[in-house]
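Shown here is one chain on its own, the form predicted alone, set out as structure tokens.
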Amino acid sequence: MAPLSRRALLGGALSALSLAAGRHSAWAEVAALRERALRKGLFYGCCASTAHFGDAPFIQALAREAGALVPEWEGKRGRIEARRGVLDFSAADRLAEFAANHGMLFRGHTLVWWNSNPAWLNAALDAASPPESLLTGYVDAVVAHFRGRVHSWDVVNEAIEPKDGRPDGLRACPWLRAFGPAYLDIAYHTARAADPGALLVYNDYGMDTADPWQAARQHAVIGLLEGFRRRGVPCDALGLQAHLKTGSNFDQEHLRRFLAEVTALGYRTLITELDVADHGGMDIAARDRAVADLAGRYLEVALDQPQTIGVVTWGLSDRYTWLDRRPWTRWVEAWRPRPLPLDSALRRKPMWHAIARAIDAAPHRPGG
């Protein structure tokens, strides 16, 4: 048989490349966010609630798009321990089982928070000499219950509030009044002992823009993380809630510098609650473009950082968003906010495409 000519070999190679490019293009048109993230060594996920389980089309979209699941409400103490000493994991277990059955990571949210606590707990914390077991007993029981099933825990949520006037920036909350600043260290050490394999996260909001109040929060968070390192507190990562608003004073370089400080301290980062409140105007297309632009610019920076390991949106579809229950997100009662990747009919919006582009452009993580 005569050897193939150089032209024939080149033609065959070009044909193969063209076919591969066509396959990639077809994949890029349909691939879900969870697939795109997995290819980069990342994860994409969202929060959901057991209240959504009766919505079959939504559940199908959730299983298709999300590679990680977070309980929107069912993991909070007000739901798990509504009555003192009676722990009800039934709703949280349903979500954990759904995640396992659909090959999703499961995130724990949240163990220690100033909000969403049962009334009995706030009263007990405000009593004279409250027992430390109010903190350690709950953290140990909940983390141990889910041991081996949780990828990462938001151990302490929103402990920073510079407006409260403390030099350390800590929020004046019932936990601080009861146990002092040590409550944070205690929570992380307890969680680590209960599940050594879970990633332990400090989660907070208001660290995204150059606005003075957010700069103060960033400074306080860096101080908190530095203190953890000095004291050997087993906190592994910072969770940025990223509840963004169109028209905000967002600057990519400001966020890049903040994330570089976090990285220098040896922490990983997660985007834990991303959504974009869209203010003003009746033009849906314009609103969607503004939401997509802000989400895309944010993730362009966040996912360029090698320590960022995942993105979670606070909801998947505009059909179910906490912002729909906030009067300040509405300018006309008939118009709903559009802060999430899918619209109320479960169609992919410009925000979905912006997230997809940011994930596709992100550097590969080890194992990705």
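From a predicted model like this one, the values you see are computed outputs, not experimental measurements. Numbering starts at 1 and follows the sequence shown.
Another form exists, predicted in complex with a small molecule; not displayed. Remarks below refer to it.
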- N117, T209, N157, T190: which sits within 4.5 Å of the small molecule in the model of the complex by any heavy atom? N157
- The one residue among H145, K245, R217, K76 placing a heavy atom within 4.5 Å of the small molecule in the model of the complex is K76
- Message: Please determine whether S152 contacts the small molecule in the model of the complex, using a 4.5 Å cut-off between heavy atoms.
- Response: no
- the small molecule contact in the model of the complex: F89, any heavy atom under 4.5 Å: no
- Query: According to a 4.5 angstroms non-hydrogen atom cut-off, is E273 in contact with the small molecule in the model of the complex?
  - Reply: yes
- Within a 4.5 Å heavy atom cut-off, is F228 in contact with the small molecule in the model of the complex? no
- Message: Since the partner isn't included here, can you check whether the small molecule sits close to all of F43, Y202 and T308 in the model of the complex (heavy atom within 4.5 Å for each)?
- Response: no
- Message: To test your reading of this chain, name the stretch in 169-177, 134-142, 286-294, 68-76 whose heavy atoms come within 4.5 Å of the small molecule in the model of the complex.
- Response: 68-76
